[in-house]
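Quick setup: the structure tokens below cover two forms of a single protein chain, split into structure 1 and structure 2.
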Structure 1
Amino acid sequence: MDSVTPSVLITSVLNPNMRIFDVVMRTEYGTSYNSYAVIGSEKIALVDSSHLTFCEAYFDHLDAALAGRVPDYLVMNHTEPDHSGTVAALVERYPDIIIVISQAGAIYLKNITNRADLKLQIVKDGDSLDLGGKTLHFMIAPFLHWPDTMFTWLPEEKVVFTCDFLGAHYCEPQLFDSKVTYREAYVGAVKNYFDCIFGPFKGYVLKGLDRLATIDPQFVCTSHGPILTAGVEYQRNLERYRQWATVEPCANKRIPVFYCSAYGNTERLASHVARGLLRGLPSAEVTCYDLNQHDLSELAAALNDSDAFLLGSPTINRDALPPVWNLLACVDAVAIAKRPVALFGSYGWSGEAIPHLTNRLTDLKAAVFADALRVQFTPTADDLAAAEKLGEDFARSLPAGCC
């Protein structure tokens, strides 16, 4: 059985064939479900469990690591099902096991397992647990990336368990960063993971980095991807996360215009909206994006990094077009709250696209501009003038400075 140190054993499961995580995240390089066993002179603590699909493999690895010993604790740094899927089976096998968990995590885990008989030990920031010569210190780290998340620090071994933080959906046979064969692919996976998982929580990411700066780990045991080592990828990932999470003050507002167009009518409106934006706010960075001509990840990044945006769609089957909905499926729901947005589009008979988009963006708590523009069939000169006025009025309505 592989180990991080003689007292920290690896019980992880590899899933190299996974290509989609949580329905919406592409995982070109698979993933691993990392879990560990910390062996003290008096007690044993497991750190995280595994995905339910890999329950049998997880228990095979756990049995090999424990070699007949019985764990006393299960530390749950985070309760998302890819971490907690085997918890119910663990409790069946070890009915006396105590689950060490944050307050938020305790609420979630009861509902995930549908068990009211879990033996829970709720910990707060700064609490510790003595295993006999090995001490686990708990660092509450909310929104990295769920409210329940915490880090667990083992100072005697200089090992920190950071859950999803600094991890990656990346799978190679050997679970250490020093053994990564395809370094460029790994770095790309780290960036994709950050964008999809931590992009909405950049302020919390910086706080998490500050917490890690108070300790000096030799090993960083993440929940997905290679274990990080001081002097290999650990410091590099710290630097990457800080760069990606630091929002630079912007000199000019970024106002992208997204649209779909079946016959060119909504496209014409988009170009005139863009003219109006620049008339109302000449310093703005205005880019028009045909949703069918750009990669979805590029479009999502432009939307999520915007100060405000506009969205145009024709109406087909009494609805907005699928590329528009695909884009909205990629928004950072936390970050988009209060983000200014205006809507426009050409339609043939009924024109439901704009009302439907208004409802969705209102549900996302965006600041929907009241004066949407709907044009029937081909825009007239007056319609194009109205599109320019929409852009100008929207630009002038934006608060000073960056949003």
Structure 2
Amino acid sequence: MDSVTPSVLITSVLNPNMRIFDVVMRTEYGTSYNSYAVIGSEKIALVDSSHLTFCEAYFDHLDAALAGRVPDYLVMNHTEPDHSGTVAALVERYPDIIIVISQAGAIYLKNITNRADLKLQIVKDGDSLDLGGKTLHFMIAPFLHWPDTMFTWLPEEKVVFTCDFLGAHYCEPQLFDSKVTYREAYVGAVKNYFDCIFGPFKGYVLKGLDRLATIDPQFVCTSHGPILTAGVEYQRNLERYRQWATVEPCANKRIPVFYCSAYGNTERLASHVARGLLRGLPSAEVTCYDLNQHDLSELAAALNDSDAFLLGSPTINRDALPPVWNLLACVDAVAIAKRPVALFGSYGWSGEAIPHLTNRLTDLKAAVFADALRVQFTPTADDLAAAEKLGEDFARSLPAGCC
């Protein structure tokens, strides 16, 4: 039986074949659904659970860890179904199990399982649970990854369970960071995970890091990817998270220009818009992104970290193109409010792309620039000049300072 310490046993399930998580997140290296059993002299607590698809493997691992003993508690640090999918089956197996959970988590878990018979023990920040010689201390850590999240600290073993926080969709047969074979790939997976899961919650990430600074763990048991060890990847991941979550006040405005183009018309507008932006604001950092040439997570990061942005789409079948909508599906809904955005695109006869995008961005509460540019079919020299003017006017309209 794999273990973190003699009384913290590993019941994780590996899923090396997963390539897409939560519908939108690409996961090149698979993942693991980590879970644990903490054995006290009086009581046993399971920490986190598993994905329903892997229920059988999870129960096999539980049986091996528990060797006939019955768990008293299930600590649910976070209720997303990749960790709560097996809860209903677990309750069938162990009808007396008490689920230790945050207030928000209790509400979600009731609605996720649709069971009224769950035995819930709601904990607040600072509460603890004595298992006999092993004490679980609960630290509420909202939005890491959902509002329900908490960390569980086991001081006697110097082990903290952080669920998604500091984790990665990364799977190797070895369960510890010290054993990772492809370290560069692992670090890439940590970054991808941070961008997709925690990118929208940077302020909460910094608070989570501050909470972890109050304890001194030897092992950090995340719910995905290798277990972190002090002196191996733990401190490095803390530093990485702090760096990625800290939005540096920048001297120059970042103004990406995103576009899609079937026949190159919108693309030509994009390059002239970019030229105009630099005329209006020579210090701006302007990057043009063809939406079909970049990874969605890279595009989303460029959009979410921008001070202002432009979006270009042709009209195809009375709409903007799917890559444009995919990008807008990734915006940080909180941070996009009041973000200046301007629109442009080529069309043939009806030109619905720009009005549709205007509506969507207005719904998202972005500051949509009034003068969008719509050009019929191939841009003329005048149209290209208008594109440059759009860029220049938009740049000049931006408030001083960075977002």
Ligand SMILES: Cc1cc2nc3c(=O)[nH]c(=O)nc-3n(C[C@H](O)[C@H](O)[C@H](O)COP(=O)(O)O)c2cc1C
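Since we're looking at a predicted model, the values are computed, not measured. Between two forms, the rigid core is the largest collection of C-alphas that superpose within 1.5 Å. Every residue number counts along structure 1's sequence, beginning with 1.
J.: Given these two structures of one chain, say which is the form predicted in complex with this ligand.
T.: Only structure 2 fits here, because that chain is the form predicted in complex with this ligand.
J.: Does residue 193 shift between structures 1 and 2 by 2 angstroms or more at the C-alpha, the core having been superposed?
T.: Comparing forms between structures 1 and 2, the residue 193 CA shifts below 2 Å.
J.: Superposing on the rigid core, I want to see if residue 269 changes position between structures 1 and 2 - specifically a Cα shift of 2 Å or more.
T.: Yes: residue 269 shifts by at least 2 Å between structures 1 and 2.
J.: Relative to the superposed rigid core, does residue 130 relocate between structures 1 and 2 - that is, does its Cα move 2 Å or more?
T.: No: residue 130 shifts by under 2 Å between structures 1 and 2.
J.: If I align on the rigid core, how far apart are the two C-alpha positions of residue 258 between structures 1 and 2? Answer in Å.
T.: Residue 258 is displaced by 2.5 Å at its C-alpha.
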